[in-house]
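First comes one chain, alone, set out as structure tokens in the form predicted on its own.
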């Protein structure tokens, strides 16, 4: 691996021990993937989530004097005040870890957006821009929908990229690795955002490989929310960091362009029956629910408006949490959506996530409803039993206090 004189100086500790550690991680990653060199990056996003391992590493870099040269946006943490007001006090350990994590990322030079949808606001890369994104739903979006270039970074490697301003050049940063390899013929009806999420979860169930898939048979472009959900489920069910949709995504004006001369290695067909299997897998049992958790990934202002319209003048039967970015929360207040939802008994909360340890202990082991397969999949570890429904149906279930098949 060839390093520039600046990169060699970083590795040797001439820019401080923290930079040296970050560069050591980057060089080790590059060697593992046979990268020939480092390349500069212009944006980063760190999928930190107040987990113990995240806090350990950012604190270690700070203690060694590291600071970010490319300020990363960050994944959700927690608004401890609002959550504690409505769900009761957190454990001292949980509160201290959240506050320490937020403080550490602030001091190292991160931009504390605390949102899992940076690609929609505040950190939107342009076509061809080389970046380091480590959020599972964001990476497929920036590669596929925007045409920027990022590998599947971890929170640690993305933070090292923010400190060094560089990443090893391998994988999806190279032209040849962005070409299609798997032909996916979609025969199912893809009509709304929820269909896109079903499709995203269904494809890796039929083919587990990490090769770049090319989807055909889709005529209607997804909404931004549909694309976000699609990528989130591709990454949750499988390991897809980039995809093409022929005639829709920017590097796939045609099927031929998407494959770029590559032979088709595998063929996959997705039918309505495949989507129905995913729907059934996450449908849950009919019966009472005790809460609703909406916003994995974070809901947009359009979706918050849809929720407000559904609950206007009504009363929610169960605790209903709508997770959003801070900008979306501000817009919801300006547009009157926040008041409508609060009068119905719902909570619109920024900066947090269903997967923050200690945040949702009150619901562990209890039945709920969500609009997200990703939420249901990850929260199984906490014993939460989610029925997954399209957003409107999930809201209707929260109003009724039960889900029906």
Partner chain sequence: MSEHEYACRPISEGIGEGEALLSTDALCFALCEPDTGCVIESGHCLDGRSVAGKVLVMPTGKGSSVVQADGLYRLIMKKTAPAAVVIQTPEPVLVSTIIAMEVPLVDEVDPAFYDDIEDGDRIAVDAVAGKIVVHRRNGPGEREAR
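Numbering follows the first chain given and starts at 1. Model, not experiment: these values are computed from the prediction.
Only in words, not in the display: the form predicted in complex with the partner chain, which the text now covers.
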(message) Among the candidate stretches 285 to 293, 185 to 193, 148 to 156, 314 to 322, which one is within 4.5 Å of the partner chain in the predicted bound form when only heavy atoms are counted?
(response) 148 to 156
(request) Find out whether any non-hydrogen atom of residue 36 is located within 4.5 angstroms of the partner chain in the predicted bound form, and reply yes or no. (result) no
(message) So in the predicted bound form, is the partner chain close enough to residue 60 to count as touching (4.5 Å, heavy atoms)?
(response) yes
(request) Evaluate residue 143 for contact with the partner chain in the predicted bound form, applying a 4.5 angstroms cut-off between non-hydrogen atoms, and reply yes or no. (result) no
(request) Give a yes or no for residue 40: in the predicted bound form, does one of its heavy atoms lie within 4.5 Å of a heavy atom belonging to the partner chain? (result) no
(request) Select from the listed residues 53, 365, 65, 336 the one whose heavy atoms reach within 4.5 Å of the partner chain in the predicted bound form. (result) 53
(request) Select from the listed residues 10, 397, 25, 387 the one whose heavy atoms reach within 4.5 Å of the partner chain in the predicted bound form. (result) 25
(message) Using a 4.5 Å heavy atom cutoff, which residues in 375 to 396 contact the partner chain in the predicted bound form? It's fine if the answer is none.
(response) 377, 378, 380, 381, 382
